[in-house]
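First, one chain by itself in C-alpha coordinates, the form predicted on its own.
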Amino acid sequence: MKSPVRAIILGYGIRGRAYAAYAKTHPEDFIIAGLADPVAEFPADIDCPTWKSWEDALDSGTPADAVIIALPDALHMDVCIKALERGFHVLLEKPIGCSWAECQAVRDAQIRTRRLVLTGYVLRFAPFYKKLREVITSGVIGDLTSVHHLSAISYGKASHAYCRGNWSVESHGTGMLVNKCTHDFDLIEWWTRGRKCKKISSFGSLYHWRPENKPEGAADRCKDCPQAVREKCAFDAYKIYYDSTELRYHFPDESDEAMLKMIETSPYGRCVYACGNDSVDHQTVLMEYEGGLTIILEMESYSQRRNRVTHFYGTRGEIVADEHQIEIKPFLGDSTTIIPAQTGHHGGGDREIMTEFVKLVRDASPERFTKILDAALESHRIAFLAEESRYTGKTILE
(Lines give C-alpha, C1' and ligand atoms only; values in the text may rest on other atoms or scores of the structure.)
Protein backbone atom coordinates (compact mmCIF):
# COMPACT_ATOMS: atom_id res chain seq x y z
CA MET A 1 0.00 0.00 0.00
CA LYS A 2 1.30 3.44 -0.94
CA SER A 3 1.95 5.97 1.80
CA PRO A 4 -0.40 8.96 2.15
CA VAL A 5 0.65 12.19 0.50
CA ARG A 6 1.62 14.77 3.12
CA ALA A 7 0.81 18.38 2.23
CA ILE A 8 1.18 21.78 3.87
CA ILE A 9 -1.87 23.96 3.22
CA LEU A 10 -1.12 27.66 2.79
CA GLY A 11 -4.31 29.67 3.24
CA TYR A 12 -7.21 28.38 5.31
CA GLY A 13 -10.10 30.26 3.79
CA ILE A 14 -12.92 28.66 1.84
CA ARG A 15 -10.67 26.95 -0.71
CA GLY A 16 -8.06 25.85 1.80
CA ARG A 17 -10.77 24.32 3.97
CA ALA A 18 -12.29 22.57 0.96
CA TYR A 19 -9.01 20.86 0.11
CA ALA A 20 -8.27 20.08 3.76
CA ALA A 21 -11.58 18.22 4.07
CA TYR A 22 -10.13 15.44 1.91
CA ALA A 23 -7.92 14.38 4.80
CA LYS A 24 -10.98 13.38 6.85
CA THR A 25 -12.63 11.37 4.10
CA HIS A 26 -9.45 9.81 2.66
CA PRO A 27 -6.94 9.52 5.55
CA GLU A 28 -5.20 6.61 3.83
CA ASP A 29 -4.33 8.89 0.89
CA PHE A 30 -3.86 12.38 2.28
CA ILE A 31 -2.48 13.88 5.49
CA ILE A 32 -2.31 17.56 6.45
CA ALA A 33 1.32 18.18 7.39
CA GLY A 34 0.75 21.79 8.42
CA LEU A 35 -1.54 24.83 8.10
CA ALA A 36 -0.60 28.46 7.56
CA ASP A 37 -2.85 31.51 7.56
CA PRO A 38 -2.35 34.96 9.09
CA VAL A 39 -5.91 35.42 10.35
CA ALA A 40 -7.86 32.15 10.19
CA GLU A 41 -8.82 30.14 13.25
CA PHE A 42 -7.57 26.58 12.91
CA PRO A 43 -9.62 23.57 14.08
CA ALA A 44 -9.16 22.77 17.75
CA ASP A 45 -8.51 19.09 16.98
CA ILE A 46 -5.87 19.72 14.30
CA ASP A 47 -2.85 17.49 14.83
CA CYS A 48 -0.16 19.32 12.88
CA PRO A 49 2.03 22.44 13.07
CA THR A 50 0.44 25.80 12.33
CA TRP A 51 1.93 29.12 11.31
CA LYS A 52 0.79 32.67 10.75
CA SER A 53 2.90 33.15 7.61
CA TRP A 54 3.49 31.07 4.52
CA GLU A 55 7.19 31.96 4.66
CA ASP A 56 7.54 30.34 8.08
CA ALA A 57 5.68 27.27 6.84
CA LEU A 58 7.98 26.78 3.84
CA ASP A 59 11.08 27.44 5.93
CA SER A 60 10.05 25.16 8.80
CA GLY A 61 11.58 21.96 7.45
CA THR A 62 8.32 20.13 8.10
CA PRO A 63 8.37 16.80 6.23
CA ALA A 64 5.91 17.02 3.34
CA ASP A 65 5.52 15.96 -0.28
CA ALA A 66 3.41 18.86 -1.46
CA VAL A 67 2.04 22.31 -0.82
CA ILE A 68 -1.51 23.49 -1.47
CA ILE A 69 -1.65 27.22 -2.18
CA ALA A 70 -4.99 28.88 -1.42
CA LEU A 71 -3.68 32.35 -0.63
CA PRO A 72 -4.73 35.70 -2.17
CA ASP A 73 -4.17 35.91 -5.93
CA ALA A 74 -1.34 38.44 -5.66
CA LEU A 75 0.78 35.89 -3.77
CA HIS A 76 0.31 32.92 -6.09
CA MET A 77 3.38 33.37 -8.29
CA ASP A 78 5.90 34.07 -5.53
CA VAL A 79 4.67 31.35 -3.21
CA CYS A 80 4.42 28.75 -5.97
CA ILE A 81 7.94 29.41 -7.22
CA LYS A 82 9.39 29.21 -3.71
CA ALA A 83 7.50 25.99 -2.99
CA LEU A 84 8.80 24.43 -6.21
CA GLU A 85 12.35 25.50 -5.43
CA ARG A 86 12.09 23.81 -2.04
CA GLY A 87 11.19 20.56 -3.79
CA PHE A 88 7.44 20.47 -3.18
CA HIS A 89 4.76 19.47 -5.65
CA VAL A 90 2.02 22.12 -5.77
CA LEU A 91 -1.75 22.32 -6.03
CA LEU A 92 -2.24 25.98 -6.92
CA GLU A 93 -5.63 27.65 -6.65
CA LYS A 94 -6.41 29.66 -9.78
CA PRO A 95 -5.28 32.02 -11.15
CA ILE A 96 -1.71 30.86 -11.67
CA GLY A 97 -0.58 34.49 -11.77
CA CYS A 98 -1.97 38.01 -11.97
CA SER A 99 -0.46 38.62 -15.41
CA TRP A 100 0.75 36.55 -18.32
CA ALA A 101 4.34 37.36 -17.31
CA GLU A 102 3.70 35.91 -13.84
CA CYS A 103 2.20 32.77 -15.40
CA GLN A 104 5.30 32.38 -17.56
CA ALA A 105 7.53 32.74 -14.50
CA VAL A 106 5.68 29.85 -12.83
CA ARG A 107 6.14 27.75 -15.98
CA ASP A 108 9.87 28.49 -16.01
CA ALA A 109 10.13 27.37 -12.38
CA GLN A 110 8.16 24.21 -13.09
CA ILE A 111 10.44 23.25 -15.97
CA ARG A 112 13.52 24.02 -13.89
CA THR A 113 12.40 22.01 -10.86
CA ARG A 114 10.48 19.24 -12.69
CA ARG A 115 7.77 19.32 -10.04
CA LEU A 116 4.00 19.19 -10.46
CA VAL A 117 1.85 22.32 -10.60
CA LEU A 118 -1.81 21.30 -10.74
CA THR A 119 -4.18 24.26 -11.10
CA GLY A 120 -7.40 24.24 -9.07
CA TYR A 121 -9.68 23.72 -12.06
CA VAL A 122 -12.19 21.65 -10.13
CA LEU A 123 -14.87 21.77 -12.85
CA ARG A 124 -12.68 19.74 -15.20
CA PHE A 125 -12.80 16.95 -12.62
CA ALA A 126 -16.50 17.21 -11.79
CA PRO A 127 -18.57 14.19 -12.94
CA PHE A 128 -21.09 16.46 -14.71
CA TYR A 129 -18.47 18.10 -16.92
CA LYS A 130 -16.68 14.81 -17.54
CA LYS A 131 -19.95 13.39 -18.88
CA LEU A 132 -20.63 16.53 -20.92
CA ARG A 133 -17.23 16.29 -22.60
CA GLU A 134 -17.86 12.62 -23.31
CA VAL A 135 -21.13 13.51 -25.05
CA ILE A 136 -19.53 16.31 -27.09
CA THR A 137 -16.59 14.21 -28.24
CA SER A 138 -18.86 11.29 -29.16
CA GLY A 139 -19.88 13.12 -32.34
CA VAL A 140 -23.59 12.80 -31.59
CA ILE A 141 -24.20 16.35 -32.86
CA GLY A 142 -21.53 16.22 -35.56
CA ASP A 143 -18.87 18.91 -35.79
CA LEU A 144 -19.19 21.89 -33.45
CA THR A 145 -19.97 25.14 -35.24
CA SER A 146 -20.55 27.45 -32.28
CA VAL A 147 -20.84 27.47 -28.49
CA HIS A 148 -22.78 29.94 -26.33
CA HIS A 149 -21.64 29.73 -22.71
CA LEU A 150 -23.16 31.73 -19.84
CA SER A 151 -21.44 31.96 -16.47
CA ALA A 152 -24.21 33.35 -14.27
CA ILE A 153 -22.69 34.30 -10.94
CA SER A 154 -25.88 35.51 -9.18
CA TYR A 155 -26.31 38.92 -7.63
CA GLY A 156 -25.60 37.60 -4.12
CA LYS A 157 -22.36 35.79 -4.92
CA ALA A 158 -21.16 38.61 -7.19
CA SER A 159 -21.84 41.28 -4.60
CA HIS A 160 -20.04 39.15 -2.00
CA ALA A 161 -16.87 38.40 -3.97
CA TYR A 162 -16.51 41.13 -6.58
CA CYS A 163 -18.08 44.17 -4.95
CA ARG A 164 -17.61 43.83 -1.18
CA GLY A 165 -14.98 41.11 -1.16
CA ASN A 166 -11.42 40.13 -1.99
CA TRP A 167 -11.71 40.61 -5.75
CA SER A 168 -13.47 43.98 -5.79
CA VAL A 169 -10.41 46.01 -6.84
CA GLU A 170 -8.48 44.81 -9.88
CA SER A 171 -5.12 46.19 -8.75
CA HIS A 172 -5.24 43.91 -5.69
CA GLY A 173 -4.92 40.84 -7.89
CA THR A 174 -6.85 40.20 -11.07
CA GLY A 175 -10.06 41.35 -12.69
CA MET A 176 -13.28 39.45 -12.32
CA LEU A 177 -12.91 37.64 -15.65
CA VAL A 178 -9.50 36.16 -14.86
CA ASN A 179 -10.43 35.28 -11.29
CA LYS A 180 -13.82 33.75 -12.01
CA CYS A 181 -13.84 32.64 -15.62
CA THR A 182 -10.49 30.93 -16.00
CA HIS A 183 -12.69 27.96 -14.98
CA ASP A 184 -14.83 28.62 -18.04
CA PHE A 185 -11.91 29.22 -20.39
CA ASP A 186 -10.46 25.91 -19.18
CA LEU A 187 -13.70 24.13 -20.04
CA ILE A 188 -13.70 25.80 -23.45
CA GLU A 189 -10.13 24.64 -24.10
CA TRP A 190 -11.20 21.14 -23.05
CA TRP A 191 -14.16 21.20 -25.44
CA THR A 192 -12.19 22.58 -28.39
CA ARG A 193 -9.60 19.80 -28.04
CA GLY A 194 -6.46 21.67 -28.98
CA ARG A 195 -7.82 24.08 -31.59
CA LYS A 196 -6.09 27.44 -31.54
CA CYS A 197 -8.00 30.62 -30.78
CA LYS A 198 -7.35 32.99 -33.71
CA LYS A 199 -9.32 36.13 -32.80
CA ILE A 200 -10.72 37.49 -29.56
CA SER A 201 -12.77 40.54 -28.63
CA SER A 202 -14.19 41.47 -25.26
CA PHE A 203 -16.52 44.08 -23.82
CA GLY A 204 -17.46 44.73 -20.20
CA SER A 205 -17.78 47.33 -17.49
CA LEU A 206 -18.84 48.09 -13.95
CA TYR A 207 -22.41 49.04 -14.76
CA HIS A 208 -24.36 49.26 -11.53
CA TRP A 209 -22.42 49.05 -8.23
CA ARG A 210 -21.22 52.63 -8.47
CA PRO A 211 -21.54 55.58 -6.05
CA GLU A 212 -23.89 57.50 -8.37
CA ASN A 213 -26.41 54.65 -8.17
CA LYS A 214 -26.61 54.71 -4.38
CA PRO A 215 -30.27 55.08 -3.32
CA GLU A 216 -31.26 58.37 -1.75
CA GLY A 217 -30.85 58.19 2.01
CA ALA A 218 -28.69 55.07 1.97
CA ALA A 219 -25.84 54.78 4.47
CA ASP A 220 -22.33 53.47 3.84
CA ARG A 221 -23.06 50.37 5.93
CA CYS A 222 -26.22 48.28 5.87
CA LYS A 223 -26.55 48.38 9.66
CA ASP A 224 -26.91 52.16 9.47
CA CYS A 225 -29.24 52.19 6.47
CA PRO A 226 -32.87 53.30 7.06
CA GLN A 227 -35.28 50.37 7.11
CA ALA A 228 -37.32 51.85 4.26
CA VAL A 229 -34.23 51.93 2.03
CA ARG A 230 -33.05 48.46 3.04
CA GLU A 231 -36.43 46.92 2.27
CA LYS A 232 -36.10 47.96 -1.37
CA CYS A 233 -32.47 46.87 -1.75
CA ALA A 234 -31.85 43.36 -3.09
CA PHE A 235 -28.17 43.67 -2.12
CA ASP A 236 -28.80 44.41 1.57
CA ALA A 237 -26.27 42.41 3.60
CA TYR A 238 -28.93 41.20 6.05
CA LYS A 239 -30.92 39.67 3.18
CA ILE A 240 -27.86 38.05 1.63
CA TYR A 241 -26.12 36.69 4.74
CA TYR A 242 -28.70 36.57 7.55
CA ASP A 243 -32.08 35.89 5.94
CA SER A 244 -30.49 33.46 3.48
CA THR A 245 -27.91 30.76 4.29
CA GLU A 246 -26.73 30.22 0.70
CA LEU A 247 -23.44 32.11 1.07
CA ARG A 248 -22.61 31.26 4.65
CA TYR A 249 -20.22 28.51 3.56
CA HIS A 250 -17.70 31.28 2.86
CA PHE A 251 -17.24 31.78 6.61
CA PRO A 252 -15.82 29.40 9.26
CA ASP A 253 -18.69 30.21 11.66
CA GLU A 254 -22.06 30.03 9.90
CA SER A 255 -24.24 30.78 12.93
CA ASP A 256 -26.79 33.59 13.00
CA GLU A 257 -24.78 35.35 15.69
CA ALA A 258 -21.60 35.22 13.60
CA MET A 259 -23.45 36.58 10.58
CA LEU A 260 -24.80 39.54 12.51
CA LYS A 261 -21.35 40.37 13.86
CA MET A 262 -19.85 40.00 10.39
CA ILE A 263 -22.43 42.36 8.87
CA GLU A 264 -21.83 44.96 11.58
CA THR A 265 -18.02 44.89 11.56
CA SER A 266 -16.57 43.44 8.34
CA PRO A 267 -16.27 44.67 4.74
CA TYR A 268 -19.20 42.39 3.85
CA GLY A 269 -21.56 44.74 5.67
CA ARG A 270 -20.78 47.70 3.44
CA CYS A 271 -23.25 49.27 1.04
CA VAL A 272 -22.57 47.87 -2.45
CA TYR A 273 -22.54 51.44 -3.77
CA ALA A 274 -19.80 52.52 -1.34
CA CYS A 275 -17.15 49.81 -1.60
CA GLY A 276 -14.52 51.56 -3.71
CA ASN A 277 -14.77 48.65 -6.15
CA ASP A 278 -13.75 48.74 -9.80
CA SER A 279 -14.13 45.13 -10.99
CA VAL A 280 -16.54 44.72 -13.88
CA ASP A 281 -19.98 43.31 -13.11
CA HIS A 282 -20.61 41.88 -16.59
CA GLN A 283 -18.43 40.96 -19.55
CA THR A 284 -18.78 39.27 -22.94
CA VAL A 285 -15.96 37.55 -24.81
CA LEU A 286 -16.16 36.65 -28.51
CA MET A 287 -13.71 34.07 -29.85
CA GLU A 288 -12.98 32.52 -33.23
CA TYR A 289 -11.06 29.27 -33.36
CA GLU A 290 -9.29 27.38 -36.10
CA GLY A 291 -11.71 25.96 -38.65
CA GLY A 292 -14.28 28.71 -38.09
CA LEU A 293 -15.65 27.55 -34.71
CA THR A 294 -17.06 30.56 -32.83
CA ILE A 295 -17.59 30.79 -29.08
CA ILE A 296 -19.33 33.37 -26.91
CA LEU A 297 -18.63 33.55 -23.19
CA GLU A 298 -20.91 35.75 -21.09
CA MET A 299 -20.13 36.53 -17.46
CA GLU A 300 -23.11 38.03 -15.63
CA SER A 301 -23.50 39.25 -12.04
CA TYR A 302 -27.17 40.18 -12.16
CA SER A 303 -28.77 36.77 -12.31
CA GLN A 304 -31.16 35.07 -9.92
CA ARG A 305 -29.40 31.72 -10.02
CA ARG A 306 -25.73 30.83 -9.83
CA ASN A 307 -25.05 28.37 -12.60
CA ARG A 308 -23.50 27.78 -15.98
CA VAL A 309 -25.63 27.21 -19.06
CA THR A 310 -24.01 26.09 -22.30
CA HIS A 311 -25.59 25.66 -25.73
CA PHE A 312 -23.57 23.67 -28.26
CA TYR A 313 -24.50 23.87 -31.93
CA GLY A 314 -23.29 21.16 -34.31
CA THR A 315 -23.77 20.04 -37.87
CA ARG A 316 -26.11 17.22 -36.75
CA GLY A 317 -27.80 18.62 -33.66
CA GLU A 318 -27.62 20.61 -30.42
CA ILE A 319 -26.72 20.07 -26.79
CA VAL A 320 -27.98 22.21 -23.91
CA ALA A 321 -26.32 21.77 -20.51
CA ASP A 322 -27.16 23.63 -17.29
CA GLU A 323 -25.04 21.89 -14.59
CA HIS A 324 -28.03 19.71 -13.74
CA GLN A 325 -28.90 17.95 -16.95
CA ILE A 326 -27.57 17.45 -20.47
CA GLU A 327 -30.16 17.62 -23.25
CA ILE A 328 -29.09 16.04 -26.54
CA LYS A 329 -31.20 17.16 -29.50
CA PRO A 330 -30.11 15.51 -32.77
CA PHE A 331 -31.69 16.65 -36.02
CA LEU A 332 -32.55 13.01 -36.78
CA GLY A 333 -33.89 10.77 -34.04
CA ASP A 334 -35.28 11.38 -30.57
CA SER A 335 -33.93 13.80 -28.00
CA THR A 336 -32.45 12.37 -24.81
CA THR A 337 -31.65 13.80 -21.40
CA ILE A 338 -28.79 12.74 -19.14
CA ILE A 339 -28.72 13.70 -15.46
CA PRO A 340 -25.25 12.85 -14.07
CA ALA A 341 -25.01 12.01 -10.37
CA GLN A 342 -23.40 14.82 -8.38
CA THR A 343 -22.39 14.90 -4.73
CA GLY A 344 -20.24 17.40 -2.88
CA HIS A 345 -19.03 20.92 -3.57
CA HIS A 346 -18.61 21.81 -7.26
CA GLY A 347 -20.59 18.66 -8.05
CA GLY A 348 -17.82 16.47 -6.67
CA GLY A 349 -15.02 18.39 -8.38
CA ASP A 350 -13.29 19.33 -5.11
CA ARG A 351 -13.08 15.67 -4.14
CA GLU A 352 -12.00 14.43 -7.56
CA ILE A 353 -9.23 16.98 -8.06
CA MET A 354 -7.72 15.91 -4.74
CA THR A 355 -7.88 12.27 -5.84
CA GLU A 356 -6.04 13.23 -9.03
CA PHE A 357 -3.50 15.34 -7.13
CA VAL A 358 -2.63 12.45 -4.83
CA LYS A 359 -2.27 10.12 -7.82
CA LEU A 360 -0.02 12.54 -9.71
CA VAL A 361 2.25 13.14 -6.71
CA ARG A 362 2.58 9.40 -6.12
CA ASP A 363 3.30 8.61 -9.78
CA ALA A 364 5.85 11.46 -10.07
CA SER A 365 6.08 11.72 -13.86
CA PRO A 366 8.05 14.91 -14.70
CA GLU A 367 7.44 14.48 -18.43
CA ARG A 368 3.71 14.73 -17.83
CA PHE A 369 3.92 17.63 -15.37
CA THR A 370 4.85 20.24 -17.98
CA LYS A 371 1.96 19.18 -20.23
CA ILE A 372 -0.46 19.51 -17.32
CA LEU A 373 0.67 23.05 -16.55
CA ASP A 374 0.71 24.07 -20.22
CA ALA A 375 -2.92 23.00 -20.59
CA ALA A 376 -3.86 25.21 -17.65
CA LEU A 377 -1.80 28.10 -18.97
CA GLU A 378 -3.70 28.16 -22.26
CA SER A 379 -6.91 29.15 -20.49
CA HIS A 380 -5.03 31.94 -18.71
CA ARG A 381 -3.54 33.14 -21.99
CA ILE A 382 -7.00 33.48 -23.52
CA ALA A 383 -8.34 35.24 -20.41
CA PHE A 384 -5.51 37.79 -20.41
CA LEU A 385 -5.99 38.40 -24.14
CA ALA A 386 -9.68 39.03 -23.48
CA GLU A 387 -8.74 41.58 -20.85
CA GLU A 388 -6.31 43.22 -23.28
CA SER A 389 -9.17 43.54 -25.75
CA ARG A 390 -11.45 45.06 -23.10
CA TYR A 391 -8.82 47.56 -22.03
CA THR A 392 -7.79 48.60 -25.56
CA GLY A 393 -11.08 48.22 -27.43
CA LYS A 394 -9.29 46.19 -30.10
CA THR A 395 -9.78 42.73 -31.54
CA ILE A 396 -6.72 40.65 -30.69
CA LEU A 397 -5.36 38.58 -33.57
CA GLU A 398 -3.23 35.54 -32.85
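We number the residues from 1 along the sequence you see. Since the model is a prediction, treat every value here as computed from it, not as a measurement.
The form predicted in complex with a small molecule is left out here; the points below concern that form.
> Please check if residue 317 has a heavy atom lying within 4.5 Å of any heavy atom of the small molecule in the predicted complex.
Contact with the small molecule, no.
> In the predicted complex, does residue 270 have a heavy atom within 4.5 Å of the small molecule?
Flag for residue 270 set to no.
> If you check in the predicted complex, is residue 52 within 4.5 Å of the small molecule, heavy atoms only?
Yes - in the predicted complex, heavy atoms of residue 52 and the small molecule come within 4.5 Å of each other.
> At the 4.5 Å heavy atom threshold, is residue 14 in contact with the small molecule in the predicted complex?
Taking the distances in the predicted complex, the answer for residue 14 is yes, it comes within 4.5 Å of the small molecule.
> For the interface check, one of 24 to 32, 333 to 341, 52 to 60, 362 to 370 should have non-hydrogen atoms within 4.5 Å of the small molecule in the predicted complex; which one?
Heavy-atom contact with the partner occurs in 52 to 60.
> Go through 179, 110, 168, 310 and name the one with a heavy atom inside 4.5 Å of the small molecule in the predicted complex.
Here the answer is residue option 179.
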